[in-house]
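Below you will find one chain, with nothing else, as structure tokens; this is the form predicted on its own, and questions on how it binds or moves follow later.
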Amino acid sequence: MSACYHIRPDRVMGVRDLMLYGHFIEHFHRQIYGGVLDPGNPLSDEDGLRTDVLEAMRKIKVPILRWPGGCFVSSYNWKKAVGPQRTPVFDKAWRVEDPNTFGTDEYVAMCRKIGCEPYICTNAGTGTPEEMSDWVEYCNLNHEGEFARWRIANGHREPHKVKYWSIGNENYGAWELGAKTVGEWGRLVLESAKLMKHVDPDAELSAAALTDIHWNVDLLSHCGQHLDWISIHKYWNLMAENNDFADYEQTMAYTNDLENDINKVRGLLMAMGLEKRIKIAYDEWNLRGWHHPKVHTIQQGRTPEDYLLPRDKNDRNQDYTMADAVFSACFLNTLNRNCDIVGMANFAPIVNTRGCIFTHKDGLVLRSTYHIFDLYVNYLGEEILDGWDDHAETMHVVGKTGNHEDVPVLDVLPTRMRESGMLCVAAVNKHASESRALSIALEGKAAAGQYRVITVNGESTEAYNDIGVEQVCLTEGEWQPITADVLSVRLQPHSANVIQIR
């Protein structure tokens, strides 16, 4: 079967920010210790940071990295993780000891090595507005006050200049330490934002939110004039208690839900007259939720076998297949289409657990999702163009809960590179077993010149990468002449592609 996609090159719908390709890292399992930080490993630098991890992050041009959580932050005391004397603490969120070796200064130094913006999430669980603003003082003031002087005494004469700050993490959830009610949250965020902005008026602030209208109306009524961002999170395949992976077809059913939360928050911001000053930060997202049984439950696990050792299941590389890759490409298309209101997104996490990079003592595994970020960051354009199908084919799939869905087979996003003017069309074929011919018609002009196709794919929907196994990769096609007014490209099954036209 074939479809014709029409593009209006003269009509720019928006310009996406690179921060849509941001990432996240938390003090959970092997993300920090044994992940980015691995002192004594021959692959680590003088600061104990894995050089291969840093290089992999630089290749996908990580623009912004959210830290230190996540649930971890809701009982985190940042002051115990700076200076020469570090105090190990029992992390009440994940019920392990954290040595506090990796704190604010180490995090900012890592961001500088990567070349990305730091984005600090503050403790709005057990913490206070004053503690949050003290953290801003430590990072951003030149020399005024005890906390800026403390940073200088710790060997950092120049301010860290952390621009992006989040007030809290999922404080609406019963699972979160220091969870808040609707009324409590708006008041706490207001006072926190006031103190933080009094320290640094140029700091950009986000606050934990969700699509619940009561939560958001109260939050924005209190704090709308103080916030620059509203934070929402989403994991579609929730797996906290049972490590039960949605299969390929079930995953494709989730792609019908990619825009729902964005539309709800967009509508609320518009109704409150805030859509011009507040953007959405989708600052935690992934297809798969993290597996951590008997921790976010009333009945806590008693032994490591109950609640700690099962976390190793997050690191089974064979579980991260083309389903994850195709889903992630579709979500990135959705973010790009909504770039007028979504300005930041953070894949959660970047290293280990469900991340796109897996570390072992001798090197890395780049999972299927890593190649999606490579594809979108390095081959797609920043201008989002107008485009439409003349025949949007659908396929019938059954979701994980038994829901029946008619899902579009193709997900197409037309873009253009600003500097070169090259057209770059993201095209995802969700069909598990059949290729599709995509015809591209440029309205108002003939297709001329050359094209090539850059593809992320594996031999089957179950293809994955592991130590010594590389079944999913990014392939650059050769430049070919365009020989007709309408360009026709065959898309492999279960593939994500960028078609470049010059």
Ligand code: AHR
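Residues carry their position along the shown sequence, with the first being 1. Note that the structure is a prediction, hence the values are computed from the model and not measured.
One more form of this protein, predicted together with ligand AHR, exists but is not displayed; see below.
- When you look in the model of the complex, the only residue of Trp285, Tyr307, Tyr254, Trp290 with a non-hydrogen atom within 4.5 Å of ligand AHR is Trp290.
- The listed set Trp236, Trp78, Trp94, Trp215 contains one residue whose heavy atoms approach ligand AHR in the model of the complex to within 4.5 Å, identified as Trp94.
- At the 4.5 Å threshold, heavy atoms of Asp319 stay clear of ligand AHR in the model of the complex, well away from it.
- The shortest heavy atom separation between Asn169 and ligand AHR in the model of the complex is within 4.5 Å.
- Not displayed here, ligand AHR is kept clear of Ile350 by more than 4.5 Å at the level of heavy atoms in the model of the complex.
- Using a 4.5 angstroms limit between non-hydrogen atoms, Trp175 touches ligand AHR in the model of the complex.
- Of the candidate stretches 227-235, 326-334, 126-134, 259-267, only 227-235 has residues with heavy atoms within 4.5 Å of ligand AHR in the model of the complex.
- Contacts between 26-55 and ligand AHR, taken as any heavy atom within 4.5 Å in the model of the complex, involve only Glu26.
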